[in-house]
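Just the one chain here, laid out as structure tokens, in the form predicted alone.
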């Protein structure tokens, strides 16, 4: 068995709200550490210092741990172990996070984009096991993705490969965070879904417009009850997501798209119209060989993938 399936590693999932840490064997979280509140620490050095404190404590509990993997949102230089930016957290520019953690803990340390960690987990231990060409998407606050081609993780020249959230689906569309127009991330996500829901409900006579709190979960429940507004929103999400995936399909020709994240929990409310959209627009013999799969590892995929990447680096070294 490969190292990421049998040995102990630590996965660290760094987010704008919290940092989650766990000791991992394969896809199993053997031990969960208490999360760290990200906003409590004003600088990268202070946050990394607290992460190190937790890592040392975990090493005492589990001395067989071999490596540490860090998954971070934003741009990460995987080869150098340097974070160039951390989404929604100021001050993270050129931070040598791997060197800092490794020096403090004495464990082999790797870092990667959090969506790449999710993709790696699904590839090695989840829905994509045994595949050589696949694309993993995570649909939450934004749209994250990771690409595996010819049996290798694709990161690109500066680590920006697979940033499908920035793929244009409308060349005259909204101006995004980086000045680019029509990025799919500006049309698909928790916030975008809720904003559009409020707009459509306001224009509808449907009594469900009085729903006090609109979330992806309430929209899922409303659609299952027969609400046409909610069902239409899932259909619209599928149309937009399909436009992004079609571009990706004809560039990479993956064997499968694996989709996870909060929005994907809607299941067939999203997958059924998405499947119809792709079938209508992909050359039929090709579509017959394309798999559209839900992610298997849920919220733990980032932690599992980070640990697996770190353990795999022991083989390479």
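Keep in mind that what you see is a predicted model, and the values were worked out from it rather than measured. Residue numbers count along the first chain shown, from 1.
Another form, the form predicted in complex with another copy of the chain, is not on view; read the next lines as being about it.
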Partner contact for residue 162 in the model of the complex: another copy of the chain, 4.5 angstroms, heavy atom: yes
Wondering, does residue 29 line up within 4.5 Å of another copy of the chain in the model of the complex on heavy atoms? no
Taking another copy of the chain as it sits in the model of the complex, is residue 132 in contact with it (heavy atom to heavy atom, 4.5 Å or less)? yes
Using the partner position in the model of the complex, report whether residue 166 sits within 4.5 Å of another copy of the chain, counting heavy atoms only. yes
Pick from 272, 292, 282, 52: which residue has any heavy atom within 4.5 angstroms of another copy of the chain in the model of the complex? 282
Pick from 204, 180, 215, 108: which has a non-hydrogen atom within 4.5 Å of another copy of the chain in the model of the complex? 180
Tell me which stretch of 54-62, 284-292, 258-266, 36-44 has a heavy atom within 4.5 angstroms of another copy of the chain in the model of the complex. 284-292
Residues from 216-245 in contact with another copy of the chain (non-hydrogen atom within 4.5 Å) in the model of the complex: 239, 240, 243
